[in-house]
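One chain comes next, on its own, written as structure tokens: the form predicted on its own.
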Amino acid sequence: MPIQSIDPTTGQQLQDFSPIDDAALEAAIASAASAVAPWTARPIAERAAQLRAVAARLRERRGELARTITQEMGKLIGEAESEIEKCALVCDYYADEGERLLADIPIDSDASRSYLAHQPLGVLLAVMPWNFPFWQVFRCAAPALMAGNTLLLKHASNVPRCALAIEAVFRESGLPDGGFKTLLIESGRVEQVLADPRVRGVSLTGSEAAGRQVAATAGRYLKKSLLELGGSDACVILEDADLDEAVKTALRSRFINAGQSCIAAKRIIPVRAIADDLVARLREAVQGLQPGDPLAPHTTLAPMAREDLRDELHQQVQDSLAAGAELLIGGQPLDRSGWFYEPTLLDKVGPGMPAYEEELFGPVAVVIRAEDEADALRIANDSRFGLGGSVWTRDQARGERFARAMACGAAFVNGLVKSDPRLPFGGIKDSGYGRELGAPGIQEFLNAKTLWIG
């Protein structure tokens, strides 16, 4: 079966790609393995200079690369341009901080000298999703390469042009052969790669189902793994919140990338004292969203990335309505070419509904009303997911206490939940394990090696 690139705005096929055969796959793995020793032997300053060259190339090609993203998975062109810049920033961050993050750590012991050294594991496999087709790859690749590893990319099947463009950026910036290679392979061949003894670890960002399968495979072959899976982030709005700011940020969080973000505000939880006011403001804001061509500057809501994803979202909405949720706006696929879904707002969502229990990956805002602060915290933590969360209050100390009590990997007070090269990112519970970005992001795929000198 060919790997197809399809424009979500029109539903029209852009290009077909043939999966590589076993001989080409073997050659790619062999090249990555042979590149490890010379790449690791390079001084840290040289590896940092290489990452800076990658960042420069990304910025040089920003407009062209952003357009590839928009044409292949549908996000707004402005969002795509910001994504390319963010990829350059993560390269800059690890180039600037790599020497500090990889430095030996002295340890007091009975030795004349003992310390912890950081050494790369070798060849890594990155299994990446389509929703942020450049950023998800670069937040994995930048620390991995800075640490001295090499990388094989198995990208989502609907973004092959993005996958090849990423490889080209690394090649054009001078990364040695074997340092980074895109594998145009089917999902069923991931196990073949992980089974190879030259491949020492895997980082996956994607669905729960994919995460469970890859984690099981990695365990079978004793490979280090990192998983960043789904999320159903709570956005809690307390009675003393700045409602104007809370609504503006909740709208942006929920509908950015057509709602297809792991850390979107998927569960908006206002306390009873301000719930009616909050919902009225939110409804007006959602009504103002303008679906359309994501390359056009006036468009504020992009299409969804695939038809099957839109169908799945619509079924979740319909099942939630049948179970008692209240539809305030939207709730239907748009009658036009491409895979658009109406900007949708559901109110009075409760336990047992898909909108409460599951991740809704699309432009659907969900309101779950809470009695008070304690009830809001209970609802926020009543999820099998634990990626991110936020709380809104004018009392900063109150917000910090609430945020510390949230069961998630990142909690924000009066702000948009976002990833940042400087801040560790990852989840708990069914949102996965391990951390990307910051210091933990480079440590995930290192051998923390103890040295003891008598």
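All residue numbers refer to positions in the sequence shown, first residue = 1. Quick caveat: nothing in here was measured; it's all calculated off a predicted structure.
This next part talks about the form predicted in complex with a small molecule, which is not shown.
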- Query: V90, C235, A264, V127: which sits within 4.5 Å of the small molecule in the predicted complex by any heavy atom?
  - Reply: V127
- Item | Single option in L183, M146, A355, L204 placed near the small molecule in the predicted complex, where near means a heavy atom within 4.5 Å | L204
- Interface membership of L289, the small molecule in the predicted complex, 4.5 Å heavy atom rule: no
- Task: Give a yes or no for N131: in the predicted complex, does one of its heavy atoms lie within 4.5 Å of a heavy atom belonging to the small molecule?
- Result: yes
- Query: For G178, is any heavy atom within 4.5 Å of the small molecule in the predicted complex, or not?
  - Reply: no
- Quick one: does Q136 come within 4.5 Å of the small molecule in the predicted complex, counting heavy atoms only? yes
- Task: Go through 344-352, 184-192, 94-102, 242-250 and give me the stretch that gets within 4.5 Å of the small molecule in the predicted complex, heavy atoms only.
- Result: 184-192
- Non-hydrogen atom within 4.5 Å of the small molecule in the predicted complex for each of V214, L229 and F361: yes
